[in-house]
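Have a look below at one chain only, the form predicted on its own, in structure tokens format.
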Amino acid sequence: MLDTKDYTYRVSAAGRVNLIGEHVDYCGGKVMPCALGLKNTVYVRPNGTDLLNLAWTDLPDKVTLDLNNLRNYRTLKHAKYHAGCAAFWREAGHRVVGCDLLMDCTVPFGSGLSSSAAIEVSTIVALAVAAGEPYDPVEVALVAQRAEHEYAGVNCGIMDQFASANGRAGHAILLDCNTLAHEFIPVALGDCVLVIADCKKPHSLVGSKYNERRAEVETALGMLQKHLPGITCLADVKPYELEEYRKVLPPVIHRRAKHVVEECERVRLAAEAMRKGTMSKFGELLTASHRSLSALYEVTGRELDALAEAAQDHRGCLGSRMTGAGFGGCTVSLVRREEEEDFKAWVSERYHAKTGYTAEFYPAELADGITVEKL
């Protein structure tokens, strides 16, 4: 049991599952993430010094950061996220005071459910409340994204941090990653449930091809802008325009762009299906998204493909896709409620037989993004 009696606040930020709209957030597209009940929680108390003292409930590490030296902690294994958040929050004009921070994370690491975003967002909000300052969740997300870029070395889009900071229980966020305009769509699944399955293959975005994919779509954008000068991001390109100019793109670059352009259309259709409650259509779009991520964007891999295919083959599954950056991590499946337990057993057996890995299933509770409690 955690000994938290001497702390002042409990601050939590959510992990997220992205229902659809993968690898389009950094291309200016729309996405549909939901904040999860899996969270990073920070217990915080001001300590009257110029030091941040960090501790974790599941790690023996204890780290002290000097508030006057925050730019020099990029090489730390765990605390670099907190150092980056503190540095950039202060650079954004906010007061940061010395405090003790105890971290407790229930978002599985390496699962593709955005543990890093939950850590970043909860750290910034904890620093804000410790200093007695108000905070704007959108600004929190933007500062957290900067920490991910400059301290963790992942050139991510805004989706993960935005969902973690702005999520609303029972809703998906339809987020325009180009403008940050967003709306909340009730997740009304009728007789279906969402099932999140982890392929349990460890992944690292920094060591993967994530940054390579971003470079490829930026190449596609630059080449297409020579013929379509009005576009500002790849999400502006219409499917017929991409087809018209496909010959100006090398084959690999065309495949990456084709995924982005078609995935943006799938998000539009998925939002429409969710509003109408047509779950069969929503499920079809999930499966189509996975196939595109596998064949065109090539970010799934053997394990995620095996997990999604096992899910898609079950009679109670309306659709399944990888969620997150890929190269390991999770799938999200739309499953008829009465078939949920049989679905899990089916997927577990077939996935293990094909890969040797044992899948793990996580609750798909859709929760608020940030919560703050005075202790």
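In this text, residue numbers run from 1 along the sequence as written. These numbers come from a predicted model, not from an experiment.
Separately, the form predicted in complex with a small molecule exists; it is not shown, and the next lines address it.
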Problem set entry | Interface segment, criterion being heavy atoms within 4.5 Å of the small molecule in the predicted complex, picked from 22 to 30, 346 to 354, 43 to 51, 312 to 320 | 22 to 30
For this session: Work out which of 228, 233, 158, 269 lies within 4.5 Å of the small molecule in the predicted complex, going by heavy atoms.
Result: 158
Exercise. Of 210, 245, 73, 135, which one comes within 4.5 Å of the small molecule in the predicted complex, counting heavy atoms only?
Worked result: 210
Exercise. Would residue 324 count as a contact of the small molecule in the predicted complex, using a 4.5 angstroms cut-off between non-hydrogen atoms?
Worked result: yes
